[in-house]
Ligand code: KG4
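Below you'll find only one chain, the form predicted alone, shown as C-alpha cells.
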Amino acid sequence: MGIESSCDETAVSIIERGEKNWVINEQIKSQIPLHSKYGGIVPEIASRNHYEVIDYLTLKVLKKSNLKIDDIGLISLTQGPGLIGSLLIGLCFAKGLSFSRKIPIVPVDHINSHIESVFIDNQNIQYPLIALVVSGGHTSIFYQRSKFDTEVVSKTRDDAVGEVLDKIAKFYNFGYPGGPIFDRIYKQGDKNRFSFTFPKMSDGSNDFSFSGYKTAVLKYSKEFKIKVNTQIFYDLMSSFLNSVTDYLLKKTKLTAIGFKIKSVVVAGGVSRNSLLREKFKEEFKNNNIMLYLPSSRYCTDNASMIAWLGYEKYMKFPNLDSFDFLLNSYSRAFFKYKKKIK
C-alpha cells in the first residue's frame, strides 16, 4: 500500500509486486477546487483536507480492490520533500496502520518516486540513466547509476517551471493550476511572435533558472498592454511555453551527451504537457538513447509511484529500521519548522 500526502493530493494505492506487477486500485482526492481561488497551495487547508479524507480513501481503495487491511504486506509513504503539515498526516496515519497490524513500513523520497513512476508501465528501463523531474515545486536533472545510486546534476536556482506557469496564470487571473491551462491554449497562438532568451548561470553551472521567464512575460504584458483572451495574449503564452520547453530539452540533451547513458526519463506533473511530450519524443526518436515518459495518470502526485518505489527499497534494504528513520527525520523537520516560525 502506498500513501501520498506531500502537497495537495491525498492518494492511497494498492499494488501487487512479484509474480504480477500491476496497480490494483488507486484513490486520489484532489484539492484543486479548495486552492484555486487563492492561486496556489495554502498549507493549512492542505493538511486539514488530508486529515479529513485519508481514512476514507484507504477504506475505499481496500473495498475497490476486494481486500482487507490484513492482506497488505507492506506500507510505503512519502517522507518528503513536501509541506510539513501534510507529510505529518500521512506519516501518523501510516504508522498507526503499521503498529496496529504489524505491517512493515518503508519511507521513500517523493522526487525519486516521480522517477520511479515511469517504471510502472516500463519495467525494463536500462541503467545508467538521466531523469528530468519537472513539477510545480521541482525542476532538476538526476544521474542514476542504479535505482538507489542517484546524483543531482542540475537544479533550479529560483522558481520551478510549474511554479512559473502557476504565477503567470495567477497574474492574468485565468485559473489554477497553470500547466493544464497553458496546454489547452498553446495552439491558439503564434509561438514565434515573442522572443525569449535561454537563461545562463553567471558561475557557469548547469543549473536552471526560470525567474527571468516570469519577468519577461510581465514586461511584454505591460509594454503591449496585453489583455486575456486576445490574439496577442495567446501569442505571448504560446511563445513563452515553446521557449520554456526548448530550454528544458536543450539542458536535458546536453546532460545526456555529457554522460554515457542508456535511457532518459522525464517525470513530474509538467511531463503531462503535450508540447513537452511531443518535442522530447521527436528529439529522441532517432537516438540510441531510449526516452521514457510516465502515462498520464502517473505524471502528477500519486500513491502508486510511492508504493512501487517502496517495494523496491524494501527488497533492496530489508533490514532498514524505518521507524527510527522516520522518527528522526520528521523530528528534525518539525523542530526546524518551529524554529523558523519563532
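Note that the structure is predicted; figures quoted are calculated from it, not measured. One-based numbering along the sequence shown.
Omitted here: the form predicted together with the named molecule. The next part is about that form.
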Exercise for review: Counting only non-hydrogen atoms, choose the one of 66-74, 53-61, 299-307, 281-289 that falls within 4.5 Å of the named molecule in the predicted complex.
Suggested key: 299-307
Check your understanding: Should Ser113 be counted as a contact of the named molecule in the predicted complex, where contact means heavy atoms within 4.5 Å?
Key -> no
Practice item. Check whether Ser135 has any heavy atom within 4.5 Å of a heavy atom of the named molecule in the predicted complex, and answer yes or no. Key: yes
Review point. Would Arg272 sit within 4.5 Å of the named molecule in the predicted complex, counting heavy atoms only?
Key: yes
Check your understanding: in the predicted complex, does Asp235 have a heavy atom within 4.5 Å of the named molecule?
Key -> no
Revision key, fill the gap. Contact check, 155-171 vs the named molecule in the predicted complex, heavy atom within 4.5 Å, ordered by sequence, gives Gly162, Glu163, Leu165, Asp166
